[in-house]
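The form predicted alone is given below as one chain in structure tokens.
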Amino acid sequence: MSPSPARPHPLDSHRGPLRTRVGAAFPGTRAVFRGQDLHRDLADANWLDLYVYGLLGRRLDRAQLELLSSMWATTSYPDTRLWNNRVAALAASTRSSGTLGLSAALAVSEASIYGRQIDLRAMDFLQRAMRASQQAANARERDEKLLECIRAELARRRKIAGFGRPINGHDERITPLRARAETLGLHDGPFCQLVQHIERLLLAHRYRLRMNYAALTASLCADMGLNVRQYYLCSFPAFLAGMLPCYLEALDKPAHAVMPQRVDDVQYTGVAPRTWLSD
């Protein structure tokens, strides 16, 4: 009995020369970026334009790029007390390199409560809510379906990503960002209308959850045609501008001067000291 032929390995088709559709560098001649000559066809692209083109494989128009830039600027706070900025400052305080410190700060920006993970869930919820609302035959049925989405999300997670804020219910970024979107003519897309309607439903049914930055930016990006993964990667540099001042300020201080603590600075409220009896 002849042995059965070996089953092909899933990686066999990837052996040999690297095959790519995104681009290649030809030192001394040219560089190809998603099928375009980087130095000729994309010579008019600024960094943000190129970043988004690399992400989407298509170029956004000037108004959309300006809105993305405003989204990032609106949430770049140079406050060392913030969890990710603190990492950048502590890295400088230990005299780590800027690239390493800022990379670490960006890495922890994926936090599930305050960072990128909540953004992913916000867009995912909006997309599910949009699909549900599109199945409705009229406005009343739409509201019923949206309320079903709201209740299901609260039952599953006990919160709705993009709505509510743990520290202060008012999100100071909403007003300037919506004003910027309106100036650019990008404030009234279907997802932007949806997120405002969801907010009205939440308030009308006494959930007391207002839209926050994550819901607004998710809706704006969804109206630009971004999916969840593209939105996540597009938001990657969102906090970076606020990290740099924190890093540089810590670098100007003595080493280890960022939030130093003495032992007696700790106010212990646990079990009182006990007397040990010896034999």
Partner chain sequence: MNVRLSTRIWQETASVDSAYQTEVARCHGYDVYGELLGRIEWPQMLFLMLTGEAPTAAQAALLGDLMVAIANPGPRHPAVHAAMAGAVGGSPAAACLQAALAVGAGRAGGAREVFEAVTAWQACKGDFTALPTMLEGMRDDAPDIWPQHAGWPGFGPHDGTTPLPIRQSIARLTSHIPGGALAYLDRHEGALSALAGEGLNFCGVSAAACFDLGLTAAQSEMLHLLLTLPGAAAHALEQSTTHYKAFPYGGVELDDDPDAGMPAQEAA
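Rigid core (definition): largest C-alpha set, two forms, superposition within 1.5 Å. Quick caveat, the model's predicted, so the values are computed rather than measured. Numbering follows the first chain given and starts at 1.
Beyond what is shown, the protein has a form predicted together with the partner chain; the following relates to that form.
_Listed range touching the partner chain, judged in the predicted complex by heavy atoms within 4.5 Å, from 134-142, 118-126, 200-208, 176-184_ = Answer to the contact question: 118-126.
- request: Could you spot which one of Leu147, Ala104, Met130, Ala73 gets a heavy atom to within 4.5 Å of the partner chain in the predicted complex?
  value: Exactly one residue meets the criterion: Ala104.
inquiry  = Residue-level question: is Asp61 within 4.5 Å of the partner chain in the predicted complex, judged on heavy atoms?
reply    = Answer no; every heavy atom of Asp61 is more than 4.5 Å from the partner chain in the predicted complex.
Does the partner chain get within 4.5 angstroms of any non-hydrogen atom of Asp37 in the predicted complex? Judged by the heavy-atom cut-off of 4.5 Å, Asp37 is in contact with the partner chain in the predicted complex.
Report task. Determine whether any heavy atom of Tyr232 comes within 4.5 Å of a heavy atom of the partner chain in the predicted complex, and answer yes or no. Result -> The answer is yes: Tyr232 has a heavy atom within 4.5 Å of the partner chain.
(Q) So, Val228 and the partner chain: in the predicted complex, are they within 4.5 Å at any heavy atom pair? (A) Val228: contacts the partner chain in the predicted complex.
Note to self: At 4.5 Å, heavy atom to heavy atom, what parts of 64-88 sit next to the partner chain in the predicted complex? List them in sequence order, or say none.
What the structure shows: Read in sequence order, no residue approaches the partner chain (within 4.5 Å, in the predicted complex).
So that I can tell if Val266 moves, could you say whether its C-alpha shifts by at least 2 Å between this form and the one not shown after the core superposition? The answer is yes; the displacement is at least 2 Å.
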